[in-house]
Ligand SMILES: NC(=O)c1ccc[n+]([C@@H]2O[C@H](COP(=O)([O-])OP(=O)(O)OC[C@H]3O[C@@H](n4cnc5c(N)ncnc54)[C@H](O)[C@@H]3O)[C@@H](O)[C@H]2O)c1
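Take a look at this one chain, the form predicted alone, written out in structure tokens.
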Amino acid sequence: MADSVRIGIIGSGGIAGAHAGAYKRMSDVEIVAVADVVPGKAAEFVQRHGLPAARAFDDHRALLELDLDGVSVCTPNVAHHRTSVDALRAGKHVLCEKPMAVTLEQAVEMARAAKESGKILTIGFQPRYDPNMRMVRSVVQSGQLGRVYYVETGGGRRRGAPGGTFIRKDLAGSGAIADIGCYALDMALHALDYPRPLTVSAYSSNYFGTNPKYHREADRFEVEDFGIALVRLEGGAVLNFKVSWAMHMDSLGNTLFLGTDAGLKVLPSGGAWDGTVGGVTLYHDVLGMHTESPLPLRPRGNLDIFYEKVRDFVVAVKEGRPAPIPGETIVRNQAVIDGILRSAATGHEVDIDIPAI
């Protein structure tokens, strides 16, 4: 394939299949290899997804010895750090699935490896490609709200706790806070232009995951299924964050931006911010009257935001563009998650200190 972008996929679970499907839709991409630490799993993936030209490896380091332009890191969370750093140091561009890592220290090392190698490290937040998510950021950045002093974000599923690798602390690192919470954090923090988080006071629990009445793997459930936090941000704003995989409630509420001149309410299309925007309303005063102005949603049509995420990575690799969603920025997302987990574990507020990249 002339002038094709040569891609490797590390990890061969469900999300890797979504990456392979997106790449296969692109005429200028060749999936060269797949690696998975479980013996034989990569070979089975290659066969199942119709990739006859792709080589299969049980060690990602062997895959990285090939002539590749970039890799998709689709491993369990705990391996995002090591595989991404190895790929970057091997001279490959990296699209890493969310969450960025398990700890802040890991995320910092990943961002430093990208900076030192001069290669792309982009993180897989596909809701960024929803045109209405972009509209929310545009409204906040326009100054219409005045000074934004309070943001509330998050979401919950009434019954939506996953199983398998998602509930193992040694593989996932954490539960709902990182899994779907990272989306809610990115939505709010990106709209604010990612201010530096300063402190966090948090609480978490797993009453549903550990109860066999609500989860079929209750005896193996090791992570949190609920979390809430108050995060102080540089510049004086505060962020109220809440997330749940399971609860006796239909919703944890909407995303709110309160400003000195106006407020913005954002409804998710589903119960949690792992989807897209379902409605946006501007609350402001017009000629001295309280006014609610629903903002027209931008049509999505047949837009596939997951495909757009993967395509943006490929275009950046081909054209030498910066990372679409830079790891160096998403370190701040990981810092909040890290702080929430530390605060919940200790039962008191903790400081967030992000080392220089």
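Numbering starts at 1 and follows the sequence shown. The structure presented is a predicted model; accordingly, all values stated were derived computationally and were not measured.
In what follows, reference is made to the form predicted together with this ligand, a form of this protein that is not presented.
I'd like to know whether residue 306 contacts this ligand in the predicted bound form, with contact meaning heavy atoms within 4.5 angstroms. Yes - in the predicted bound form, heavy atoms of residue 306 and this ligand come within 4.5 Å of each other.
Contact of residue 156 with this ligand in the predicted bound form (heavy atom, 4.5 Å): Residue 156: no, not in contact with this ligand in the predicted bound form.
Is residue 183 part of the interface with this ligand in the predicted bound form - any heavy atom within 4.5 Å? Residue-level check for residue 183: yes, a contact with this ligand.
Any non-hydrogen atom of residue 340 within 4.5 angstroms of this ligand in the predicted bound form: No - in the predicted bound form, heavy atoms of residue 340 and this ligand never come within 4.5 Å of each other.
Could you work out which of 238, 282, 79, 247 is the residue within 4.5 angstroms of this ligand in the predicted bound form, going by heavy atoms? It is 79.
Just one of 204, 103, 83, 122 has a heavy atom within 4.5 angstroms of this ligand in the predicted bound form, so which one? The residue in contact is 83.
Pick the stretch from 64 to 72, 29 to 37, 318 to 326, 284 to 292 whose residues have a heavy atom within 4.5 Å of this ligand in the predicted bound form. In short, 29 to 37.
Could you list the residues in 209 to 240 that come within 4.5 Å of this ligand in the predicted bound form, counting only heavy atoms and keeping sequence order? The stretch 209 to 240, when checked against this ligand in the predicted bound form, contributes no residue at the 4.5 Å heavy-atom cut-off.
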